[in-house]
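First comes one chain, alone, set out as structure tokens in the form predicted on its own.
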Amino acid sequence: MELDEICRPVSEDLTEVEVRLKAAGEVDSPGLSELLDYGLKGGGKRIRPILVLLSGRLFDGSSDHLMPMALAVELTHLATLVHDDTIDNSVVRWGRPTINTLWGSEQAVLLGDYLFARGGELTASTGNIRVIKLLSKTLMIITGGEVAQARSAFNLEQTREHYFNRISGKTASLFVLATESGAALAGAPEESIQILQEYGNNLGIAFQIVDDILDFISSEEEMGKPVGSDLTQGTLTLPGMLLLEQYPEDNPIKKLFQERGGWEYITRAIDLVRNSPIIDQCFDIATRYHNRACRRLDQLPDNEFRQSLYGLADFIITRRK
């Protein structure tokens, strides 16, 4: 099923999200306005605001509360991308130059800070103490994940546990923020909120595994950034871990990490992964997390929004970019 069809129950809300995102770039500061205009037009599928809206609408939540939270989650996500690109010295995102490439690291960091602050302001406007605290907690978790990734760069002594802890912090925590906040703002029962927390966490892990697979098997045109970006930064993801486990001798990732560079090693690693069972094995693991995400959804209200949550989970593990 296509994403547009999955999101049909909240299509009007998503249109309003886009309108308000555009308005968020209209500030009384020419320099900041230029950065915001560029940053907010980047792209993305709006998965996180979709999760806020579906989780809230599932319990007949009001737009007055869900809309600012959907915007807050998306702005927070965009802020993390701006900071990620700056930390990694990335030159391309969504098929176009990054903020740090065009305006430098200093302005990129400041733009990310502004987006975080704006997300906090929008969250506070809901008046819900639970989601206000949750946003702060999520930012702390994301920061911890970023520090863990930075400290593990080019380190071969990493386990799958390290990997899953890292992506839980960097990616899944924002999914949990989206699902938990949407349900909490709609006044859902606590047990239902817990089910949606579980859904968000497992779906976020599945999403990141697929992202890490695509970094090996996709193309720059599809991804909007160079293939093998993670290996370039010395980041060991699930496909790379399986490659190290299954091909311990003369492994290109070992040589890449030991020498801290070498495009020929990245090319060979990509080739080995593409021509091995590793991709199917990674998709199998992503599917397990997809199944965990969905296993208790049948305890939630049976309506079109619940069906869209199922559909979104299916979309995430079958997407190509």
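Residue positions are given as counts along the sequence shown, with the first one as 1. Owing to the predicted nature of the structure, the values given are computational and were not obtained by experimental measurement.
Omitted from view is the form predicted together with a further copy of the same chain, to which the following refers.
Q: Tell me, out of F164, Y114, F154, Y247, which residue has a non-hydrogen atom within 4.5 angstroms of a further copy of the same chain in the predicted complex.
A: Contact check passes for Y114.
Q: Looking at G261, G43, G31, P277, which has any heavy atom no more than 4.5 Å from a further copy of the same chain in the predicted complex?
A: Of the candidates G261, G43, G31, P277, G31 is the one lying within 4.5 Å of a further copy of the same chain in the predicted complex.
Q: Does every residue of W103, G127 and G144 put a non-hydrogen atom within 4.5 angstroms of a further copy of the same chain in the predicted complex?
A: Yes: each residue has a heavy atom within 4.5 Å of the partner.
Q: Spot the stretch among 171-179, 201-209, 188-196, 134-142 with residues whose non-hydrogen atoms come within 4.5 Å of a further copy of the same chain in the predicted complex.
A: Comparing against a further copy of the same chain in the predicted complex, the contact stretch is 134-142.
Q: Contact between E121 and a further copy of the same chain in the predicted complex at 4.5 Å, heavy atoms?
A: So E121 counts as contacting a further copy of the same chain.
Q: Is there a heavy atom of M223 no more than 4.5 Å from a heavy atom of a further copy of the same chain in the predicted complex?
A: It does not: once a further copy of the same chain is placed as it appears in the predicted complex, M223 has no heavy atom within 4.5 Å of it.
Q: Using heavy atoms and a 4.5 Å limit, would one call I253 a contact residue for a further copy of the same chain in the predicted complex?
A: No, I253 sits far enough from a further copy of the same chain in the predicted complex that none of its heavy atoms falls within 4.5 Å.
Q: Is V273 one of the residues lying within 4.5 Å of a further copy of the same chain in the predicted complex, judged by heavy atom distances?
A: V273: no, not in contact with a further copy of the same chain in the predicted complex.
Q: So which residues in 201-219, when you check a further copy of the same chain in the predicted complex, have a heavy atom no farther than 4.5 Å from it?
A: Residues within 4.5 Å: none.
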